[in-house]
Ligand code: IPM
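Heads up, the chain below is alone and in the form predicted on its own; it's given as structure tokens.
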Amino acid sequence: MDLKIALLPGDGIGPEIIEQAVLVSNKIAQRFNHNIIWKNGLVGAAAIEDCGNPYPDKTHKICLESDAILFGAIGDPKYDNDPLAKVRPEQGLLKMRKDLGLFANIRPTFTFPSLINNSPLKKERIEGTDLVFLRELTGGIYFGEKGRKDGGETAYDICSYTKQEIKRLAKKGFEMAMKRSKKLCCVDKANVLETSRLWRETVQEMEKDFPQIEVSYEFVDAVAMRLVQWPNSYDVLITENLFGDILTDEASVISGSMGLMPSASVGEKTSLFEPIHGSYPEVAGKYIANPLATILSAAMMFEDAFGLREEGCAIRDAVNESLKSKIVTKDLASNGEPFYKTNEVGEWIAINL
């Protein structure tokens, strides 16, 4: 099978973690008799340095012509520390999501048996946690009108949603719940926000089309508390862009490290797979970053973009074996235990697939 994949390493640790996902993917392709056609594209600060555009037309074309996208990370302190910068790497990420129609971000949170004690939460609170967030990705406050007035003394960011934007995200949530435990939680702030009231109203209207699903509605602040109290009580959660951005980062530490969780962004034209963490520029080039989230994102890619479940399972099995064997980067090593470099972890997984 020919697999056309756009490769967007991005900034910071992006290139070195993507390198490991490519290594593992190529090994899987060899084992299962696939042919991967990689096409590289620039995005973020790397693209700004090259052509002044954080998401160039050339990169967009590569993405459209590919069956899936494997993405590293975006961000550079050069732009973070300059509040007057007119072009920022993150603008490339938002433009990519919007132009490719990537409206649903799928972020699973699960625990690894061999790392259960690495979590900052008590073992008995997190055992059995296996939840997934569906975050709306192309609407809300990040894409609303924004600006300054009163001579720059007042700033505003408008949060806006259409019923159609909510319905297409909620539909994916209902469909995912049907394949899992048939539980769906809509996360909002309907006691205060008009957009949240539209979210709740729209999802309530859709309940009749999915009578097997048990639907609950919870305020975002209550969910933020329950995620650290009883995360294993949740299954599928749907929410808007800003709430999802914050809650999924909170949920990610349940497993013990942000370097462990993969994600997918799906839409109308293609799907993009990426680790949930950022570019971590402080350690770029040192090869100490954890590559597992990126490697697990590649596993999601094989399954979700190409329907190759056996290939995805093989990658996850090898990742679990690496954790059991304590072939881990510094963030997962206990005090005094040896740890391995980014490329050493990637190579071990590729060899032991």
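Predicted model, so just to flag it, every value in this text is computed and none were measured. Numbers follow the displayed sequence, beginning with 1.
Separately, the form predicted in complex with this ligand exists; it is not shown, and the next lines address it.
Put simply, of Val266, Leu193, Leu94, Ile126 only one has a heavy atom within 4.5 Å of this ligand in the model of the complex, and it is Leu94. Think of it this way: in the model of the complex, this ligand has a heavy atom of just one of Phe210, Tyr79, Phe112, Tyr142 within 4.5 Å, and the residue is Tyr142.
Heavy atoms of Ile74 reach within 4.5 Å of this ligand in the model of the complex, making it an interface residue.
In the model of the complex, this ligand lies farther than 4.5 Å from every heavy atom of Asp99. Within this chain, Glu90 lines the site of this ligand in the model of the complex, having a heavy atom no more than 4.5 Å away. For Asp245, a non-hydrogen atom is located within 4.5 Å of this ligand in the model of the complex, even though that partner is not displayed. Contact with this ligand in the model of the complex, defined as any heavy atom within 4.5 Å, is confined among 224-232, 134-142, 166-174, 193-201 to 134-142.
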